[in-house]
Structures are given as structure tokens and as C-alpha cells.
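First, one chain by itself in C-alpha cells, the form predicted on its own.
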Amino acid sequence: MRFTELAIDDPTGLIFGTAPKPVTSGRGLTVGGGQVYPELNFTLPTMEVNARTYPEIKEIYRKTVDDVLTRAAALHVEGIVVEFETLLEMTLKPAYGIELTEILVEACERFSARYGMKAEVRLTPNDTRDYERPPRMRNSPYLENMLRLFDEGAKAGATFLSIESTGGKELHDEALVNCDIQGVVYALGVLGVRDMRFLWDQITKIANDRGVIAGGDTACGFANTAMVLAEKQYIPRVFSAVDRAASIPRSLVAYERGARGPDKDCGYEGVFLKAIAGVPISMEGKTAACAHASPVGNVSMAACDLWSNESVQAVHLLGGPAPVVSLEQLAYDVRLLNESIRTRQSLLLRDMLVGSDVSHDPQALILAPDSVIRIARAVVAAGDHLAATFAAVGTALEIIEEAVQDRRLRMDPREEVWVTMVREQLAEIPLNEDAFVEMMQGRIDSGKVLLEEYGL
């Protein structure tokens, strides 16, 4: 399946709480059906994960989810998604991840029965295939355990299945620090797309066989890495912005292969996927400051259907356990969004969220609804994924350049030169995949990437 037209073709239709293709869970939680819900993700405090510590880990997860849902009930939260992002050891040893999923599901079932709260679990195994270098993406000894966790976790009751997959990351990391847009396009538009097809055919089959919902992927390891590096001034913000645009066709593949959403939070490309595929999305922003800094704290809320904290460690703060504190922040944010929907002021609130961010950073600018629709149109008009990646980057550059010229974007003059530099690099990319692969062949270090693992 290829998307050739937009599900949302007008910026006014890209708004929080409503998606053209809402999804409904078994407990009746409808995401994208006219209301926004919180999505809470927590992880362990700094500690080892092994057989000795595992009994303690189980108690941490059991107590934390109970504390979170108790507070959610006290705040009259009508629906919530609890995301379980596994740590490396929990995927390497699927029994850990499966049992912890069972603990979270049991709590959600118990609180749903007691309070009428629609509580669901999103299971997000981490992609362990890059645990070895160079990664073996299709023939990895780690792939089997990862897929087993998806399957057994779905059987244990997880409602949504997601992942932060890493196909192409072994080349993207180097391209990112070198500000090499050709390497970025190759990693995302060629290798990443090919890996997404391979992986999501299997994830959607598991979801369909188990009667659960394939959520979506995220370019967290790509574009979010770029955002964090830009925030630390290691790379230009312009480059991070176009890297986000380049991730769109790659992440879209999940929906071409049958995923239904909600898209995962740390993929800020979710807004483009909502415009193209019509799926509901989870987003993160200011309430994810517990996990990382970002320049998109408000604009990222503009089209969310789930509002997430990204992840927070189960440590104690003055206000209580950190996950409970995060849940309270999310709950109040969501109350405001839903009140604006109820009072028919949602478009006004959305525009305030957007306007507060977009003049400060190119990464925020390209997430504005009018920018999203413009870039999304370029993606669906392209003939294939490589051309779509090229078009997304080119359109993002145009939007940034126009905003600088119109003085709608305040940007360091040192950043402005990167618009021209990236455009010049981009112009050298042939829009035929075979020709592009051949062009890049001499630059590929076989010690870092096994091209046969991508069908090349």
C-alpha cells in the first residue's frame, strides 16, 4: 500500500484529539475519536537487570503502575495508556519482558474494573539487533527473541505494539555528526525503508494473529538523536530539522504494511503520518523534559491524540514518585486540551501552542500545521520512498528559508548557511535508487554495515 493523497489536506483539520482513522481498544479506549488521553511511560532507577535484581524489579513495576493508576483515578482520568519500553535485558531475555507486561496488564484490568477507567498497555520492545556490530537486521540471533516478546507480550494482554527500530542507524549516526545529508537520505530513505518493510510485515502479522493493534514505529534513534545533538550545539538546528523531515517516508512504511496507530510518542514525525495516513498519534513535548530537552515543547501538542511524558525513572521526588508526578502533569495538560474541545475553542488553543514555538527554532517551524501539510503533500506526490525522502528534505528547506526571509523565524546567521549547504548536497542525489546505491557504494564501510541484510 502506498499513500498517494492526504487523509488531512487542510491545516485546520490537523488538530489534537481527532484523527480520520481512530482506533478503539478492547476496553473501549478510542484514540483519535474526539478526546485526548495521557500516555505514561516509566522505567527503572539506575540499577542492574539480572537474575539477582529481577525480584526487586518486578516489585518496582508492580508498585509504580499501582501508584500511577491510583493517582489517575483520583484525577478522574477517563482513559490512559501505560507504555512499557523494555530495557535491553528484558528483550534479550523475553521471559522478563513478558512477565512485566503481565504485571502492567493485570493492574490496568483491575483499575478498569474498579473505576471504569479505560487503561491499556503499549508494549515497545527495544530493537536489540544492533546489539552486535555490524548489525544483522534480517538474520540476527537477537531477532527471534524480539519477535517472541512481541508475540507473547500481545498474548499477555498488551493492546498496542510499537518499536523504535534501528535499520540504517549504523550509517545514520556518522552522517549526522558529519552533517552529511546524502548519508542521511541513504540511511533513512533506502536502508531504513527496506528494514521497515521487513520488520513491520512481521509485527502486523503478530498483531493480527493475536487480535491486538499494531501501533507504529518511530525515528527516535535518528531524528530525536539529531534534536538532542542540536540542543547541545553539536550539529546545526537546521540540519536536525531536515533530518526530521527525512524520517517521514521511513516511518510511514509501518502504515503501508498494516499498522493502525496510535503512532509512538518520540517520533515527532507523527504529525506528518497523521496528515498522510489519518492515524491517531502520541506526541511528547514539555512534559517530556524529564527525559530530554527540546525546542518543540508546545507545538508538538498541537495534533496529539495521546500526550506522553516520553519516559521517567521510578525515583522519588518531593511531590512523590516521579512517574506519579509525570502522570499528574499529563492529566492536567489533557484536561485543558479536552476542555477546549468541549467549549469549541480547540483551534484557538492549537494556534497558541503553535505560535508560541515556531518563531524560535526551525525544528518547531516544520511541525506547524501549515508546514506539515505542505511537506506531507510533497511526500505523497513523490513516486517512491527515495523521491519522497528527497522531497521532504527539499520542502523543509524551502519552508525554513522563506521564514527567515520573511523574518518569521529568528535564527542564528551561522545556521542560515546550512540551508544552502544542505541544498547543494541534496542536488547531487540521483532519484533512481539503483543509481544512488551505486553512488554511495564507495563510501560504505563494510565493517559498519552489511548491505545484504537490507536486500542489497
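One rule holds for the numbers: they count along the sequence shown, beginning at 1. Note that the structure is a prediction, hence the values are computed from the model and not measured.
A second form of this protein, the form predicted together with another copy of the chain, is not displayed here; the remarks below concern that form.
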From the list 384, 256, 333, 106, which entry has a heavy atom within 4.5 Å of another copy of the chain in the predicted bound form?
333
Contacting member of 340, 166, 159, 224, with respect to another copy of the chain in the predicted bound form [4.5 Å, heavy atom]:
340
Have a look at 318-326, 370-378, 241-249, 202-210 and name the one stretch with heavy atoms inside 4.5 Å of another copy of the chain in the predicted bound form.
318-326
In the predicted bound form, does residue 136 come within 4.5 Å of another copy of the chain, counting heavy atoms only?
no
I'd like to know if residue 410 sits close to another copy of the chain in the predicted bound form, meaning any non-hydrogen atom pair within 4.5 angstroms.
yes
So in the predicted bound form, is another copy of the chain close enough to residue 355 to count as touching (4.5 Å, heavy atoms)?
yes
Find out whether any non-hydrogen atom of residue 231 is located within 4.5 angstroms of another copy of the chain in the predicted bound form, and reply yes or no.
yes
Site check 71, 296 and 360: each within 4.5 Å of another copy of the chain in the predicted bound form by heavy atom
yes
Looking in the predicted bound form, the residues of 158-172 with a heavy atom no more than 4.5 Å from another copy of the chain, listed in order, are none
